[in-house]
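Take a look at this one chain, the form predicted on its own, written out in structure tokens.
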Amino acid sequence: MAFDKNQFAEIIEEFKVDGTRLHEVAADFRYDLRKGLENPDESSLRMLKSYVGLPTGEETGEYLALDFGGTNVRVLRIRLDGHGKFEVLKKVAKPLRVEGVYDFVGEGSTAEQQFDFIAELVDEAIEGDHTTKYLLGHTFSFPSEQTDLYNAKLIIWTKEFATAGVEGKVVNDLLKEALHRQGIDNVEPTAVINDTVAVLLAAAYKQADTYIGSIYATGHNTCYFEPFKGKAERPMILNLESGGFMKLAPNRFDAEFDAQSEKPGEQRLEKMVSGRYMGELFGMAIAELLGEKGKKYGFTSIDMSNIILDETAGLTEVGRIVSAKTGHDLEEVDRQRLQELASALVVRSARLVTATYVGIIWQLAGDDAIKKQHIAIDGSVYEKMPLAKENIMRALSELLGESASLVDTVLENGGSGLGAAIAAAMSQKQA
């Protein structure tokens, strides 16, 4: 069967973000930023304080970095050499769960077991040295309530974690107790940051004029350095939890997907732009074109990437992927259409994300001219998804005009470890 041409054109139209709408999203994002600075309750952005500013690039010394963002935990011993240079001296990484062997994230597990396991990794990273003093920075990527750089209290586990005795506790206290139980009193946890803040710290250490850090991957979030001009507050990085930005006009696929999701009405931006959801939206549109509305095929963002990249005669790779997922063999004209559909979804994603970056750039500039700056981005969509990077640059040009030449994006994919070490180094200055 061939797709209905008009139906296809309508669907493609649903995923377009024209120049007018792009400007509206950027302006609405800036409005939410301003509102959030006055009163976070009036904004769809969380505006969470990180209690850390930007590094000078001159930070030096040996530090430990704990990267705890999922079931794989990493501990790194990093030497900062200043001038944006560093060296990873030791890296230890282990999963918190090995099927049939141990499980420190499931229902029966306890905080003590989990943090004792992490303390063992720390011991491995310092190679059993219990005399040299080390400050430890901790990238902890779960919803936390923070009152200073050290104190981050886990609000609720996400990512299928169910370890008892961690929610409502200060995670660094749990870590400190576990280190003490193992006689590792020379390691002192001093800083907790989230992964997005870590990206900004790592990039800003290497390159001055970096004020925005973002993760554009399975999920999506952005943070930025807020100078609090004319206010008594100390300038610091604010984690926006921007995946929850709500001032967007979802199309009917977005609305339907949201209604069926685990948390309807939440994470609107993330559901429209991130790698985790793009494949699902793509599959919903295909189901409609195939007359199987509501059917789920399990397309992923990797499938979309391979579809966009197919340059074979007759788009045989597109045909193979779609046939394997849907059981339908498509004519060449329909394979072309699905390549166009996948491209449209990626382009929309890149344009919406860029509009949020520009909202921040406008906010930082205020009435002044836009300054030369870099946007640090980590994540598989930015790094690997075809069409993402060039459409970010295109949207920057559309929104910023001539000033776009002052803004570029840089890949920062070692942020979780390096950023944590930098936060530990900076904690000395802030003590």
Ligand code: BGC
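Predicted model, so just to flag it, every value in this text is computed and none were measured. The first residue of the sequence shown is number 1, and the count goes up from there.
As for the form predicted in complex with this ligand, it is not shown, yet the points below apply to it.
**Student:** Given the stretches 117 to 125, 311 to 319, 183 to 191, 211 to 219, which is the single one in contact with this ligand in the predicted complex, using a heavy atom cutoff of 4.5 Å?
**Tutor:** After filtering at 4.5 Å, what remains is 211 to 219.
**Student:** Is residue 247 close enough to touch this ligand in the predicted complex, meaning at least one heavy atom pair within 4.5 Å?
**Tutor:** Output for residue 247 is no: heavy atoms all beyond 4.5 Å of this ligand.
**Student:** Is residue 354 close enough to touch this ligand in the predicted complex, meaning at least one heavy atom pair within 4.5 Å?
**Tutor:** No, residue 354 is distant from the partner.
**Student:** If you check in the predicted complex, is residue 141 within 4.5 Å of this ligand, heavy atoms only?
**Tutor:** Yes, residue 141 is a contact residue.
**Student:** Within a 4.5 Å heavy atom cut-off, is residue 159 in contact with this ligand in the predicted complex?
**Tutor:** Looking in the predicted complex, residue contacts with this ligand include residue 159, since a heavy atom lies within 4.5 Å.
**Student:** Does this ligand come within 4.5 Å of a heavy atom in each of 14, 254 and 280 in the predicted complex?
**Tutor:** The answer is no; none of 14, 254 and 280 reaches this ligand.
**Student:** Consider the chain as shown here, without its partner, and state which of 103, 241, 258, 288 has a heavy atom within 4.5 Å of this ligand in the predicted complex.
**Tutor:** Result of the distance check: 241.
**Student:** So this ligand isn't shown here. In the predicted complex, which residue out of 334, 112, 270, 303 has a non-hydrogen atom within 4.5 Å of it?
**Tutor:** Selected residue: 270.
**Student:** Residue by residue through 167 to 198, which ones have a non-hydrogen atom no more than 4.5 angstroms from this ligand in the predicted complex?
**Tutor:** In sequence order, 194, 195, 196 come within 4.5 Å of the partner.
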